[in-house]
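Below sits a lone chain in structure tokens, taken as the form predicted alone.
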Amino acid sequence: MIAFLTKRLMHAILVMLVISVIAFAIQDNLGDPIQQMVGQSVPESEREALRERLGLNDPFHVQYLRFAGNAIQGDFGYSYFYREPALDVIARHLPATLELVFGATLIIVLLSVPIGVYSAIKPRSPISRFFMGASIVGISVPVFLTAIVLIQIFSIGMKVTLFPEGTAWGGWLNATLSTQGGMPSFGRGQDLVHVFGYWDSNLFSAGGLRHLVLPSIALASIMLPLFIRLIRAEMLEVLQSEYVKFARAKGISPWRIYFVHALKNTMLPVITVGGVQIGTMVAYTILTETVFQWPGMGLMFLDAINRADIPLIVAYLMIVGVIFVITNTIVDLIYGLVNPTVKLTGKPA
């Protein structure tokens, strides 16, 4: 275990090193941070003095080595726009993103497992065919379009007039399909509960949860169809295995076979893919947070690019890289618990 964690720590350091080099290499293409920091009336001499004071005129290797030396001490630089440490800015926005990812993950787990298992147990039923067709549509629709549709239906409201109003059935269908809206679709609201430090949570109040619903559904729409199809495919394969046939021959309850014996082995590849995808969702929050103006790391990163806030961009990319490493480490630990024949050192059990 110690050797495994040490190896992953080295991976995290390597990831941060590579990301920081790449981020510094492209900084000249992101714009001029001085232009974003000062007004148009500031003379060129003062701009040049500020550039010199910030070290922006130094060669690439000098800037990078200075940053790396400070980063080893936990200093990732000061944000040009916020005029405070970049890590403090990220720490202030990180809880919003993590809560959004948590809400989306919860939706994915609660829906994908029962739908995927049912679709494998009864692959030819109309309900299973509907879910498979809907999953294809879900994979094809981009997250920003899903978010806009959710805002139109559940926040703004939608009046349906497709069916003839003069008939009882037409009026009933129009009324049933119409929505009144009213769901929050902008920001985190005012009903936040302070937990500790920079963490103000939406999870502990009814108003906060209402603000979290639509962004979480939009973010979950990216991965939900993938997991439904993955669980269905793995479950179909497991149900054809010899031990499942033997369990049926012994007269074990079908539901025990499905949800105890088969589902456990079905989840092994799902856990592997899920760890990568959960980390990916942190990056996907950029579009979701932009549409809903959710004040998380994704929206912060997009604003940092527009402002050419180099220290904040580099710090964000490095933190996301570390999140990927931590997520995959946790997944490997869970995988070892679910499947004891797998050793974390990579040697066969």
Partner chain sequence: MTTQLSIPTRWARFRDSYLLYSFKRTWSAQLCLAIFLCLVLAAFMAPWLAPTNPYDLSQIDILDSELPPFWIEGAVERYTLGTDAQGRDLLSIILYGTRVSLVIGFGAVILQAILGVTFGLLAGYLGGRVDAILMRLADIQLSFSTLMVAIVVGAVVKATLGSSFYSQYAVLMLILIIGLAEWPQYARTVRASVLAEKSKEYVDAARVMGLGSRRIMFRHVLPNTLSPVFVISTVQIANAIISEAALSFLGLGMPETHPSLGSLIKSGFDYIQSGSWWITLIPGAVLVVLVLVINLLGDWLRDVMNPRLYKG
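Numbering follows the first chain given and starts at 1. From a predicted model like this one, the values you see are computed outputs, not experimental measurements.
Below, we refer to the form predicted together with its partner chain, which is not included among the displayed structures.
In the predicted bound form, every residue of the candidate spot (S140, I156 and E234) has a heavy atom lying within 4.5 Å of its partner chain. Taking T266, S185, S112, S221 one by one, only a single residue has any non-hydrogen atom within 4.5 Å of its partner chain in the predicted bound form, and it is S185. Comparing 252-260, 122-130, 226-234, 170-178 against its partner chain in the predicted bound form, the single stretch with non-hydrogen atoms within 4.5 angstroms of it is 226-234. In the predicted bound form, its partner chain sits within 4.5 Å of a heavy atom of F144. Remark: V331 does not count among the residues lining its partner chain in the predicted bound form, judged by a heavy atom distance of 4.5 Å or less. At a distance threshold of 4.5 angstroms between non-hydrogen atoms, N70 is out of contact with its partner chain in the predicted bound form. At a distance threshold of 4.5 angstroms between non-hydrogen atoms, G279 is in contact with its partner chain in the predicted bound form.
Taking a 4.5 Å heavy atom cutoff to its partner chain in the predicted bound form, the contacting residues in 299-335 are F301, L302, I305, Y316, L317, V320, G321, F324, N328.
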